[in-house]
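The data below hold one chain only, encoded as structure tokens and taken in the form predicted alone.
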């Protein structure tokens, strides 16, 4: 079984080579992307690594299917898992669907094992792609966000490889566990303490999203060379820098507790009970 501590060695070697050979010219004019409807979008300002806490997300599961990681238990549910690596603008907006490149799973066959474990879909829904159709979770993330990652990630494979490497290198789950913030269905933790633990480890401030007092998403932000930066946004209305959060002062990190659920497969009217 793959472990979060064992995998990064090979990936980080490739990651170091990839990053060191990628040019970052912040002084030059921004790259302009054209969407399929002809609209212009400029090059992004920074990256946001969006992570999900399965113990919170999976509590909202109403029915199961073969692709839902909350049901098939294929993910690393003691860890934050990946939602996506998002190119963002400093004003709180973001580019999307920056070219016509369609997701092709064959491009990432060598990455499927870690992707299934650390980047699972936690839903049965088929999200929209940039081409007016429905697709997989990975297809949505690549077409909406990955295509806007140029010039850092040049293609689909490099986008997913880069995301995995950033996730492994900045192992926020280990940071929190080492600080005593462990999955629990009874404990509540001070949000300020969680933030401080991450600040001490990465020298940057994260941001959070919560649902009913439980951490649902955690965001780590990076410059284009993947050095950490604060997840702060400049709001154009008043120019004030702030970090928005839907979390209370004390939050929970619910433990993942799989329960017996009904699997509903679209290609059959039969229902299967999974223990």
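A quick note: this is a predicted structure, and the numbers were derived from the prediction, not measured. Positions refer to the first chain, counted from 1.
Below, we turn to the form predicted in complex with a small molecule, even though it does not appear here.
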>> Residue-level contact is defined here as any heavy atom of the residue lying within 4.5 Å of the small molecule in the model of the complex; does residue 157 satisfy this criterion?
In response: no
> Looking in the model of the complex, any heavy atom of residue 143 within 4.5 Å of the small molecule?
Replying inline: no
>> Please determine whether residue 229 contacts the small molecule in the model of the complex, using a 4.5 Å cut-off between heavy atoms.
In response: no
> Heavy atom to heavy atom, is residue 83 within 4.5 Å of the small molecule in the model of the complex?
Replying inline: yes
> Pick from 192 to 200, 173 to 181, 143 to 151, 105 to 113: which stretch has a heavy atom within 4.5 Å of the small molecule in the model of the complex?
Replying inline: 143 to 151
> Non-hydrogen atoms within 4.5 angstroms of the small molecule in the model of the complex: do 79, 117 and 118 all have one?
Replying inline: no
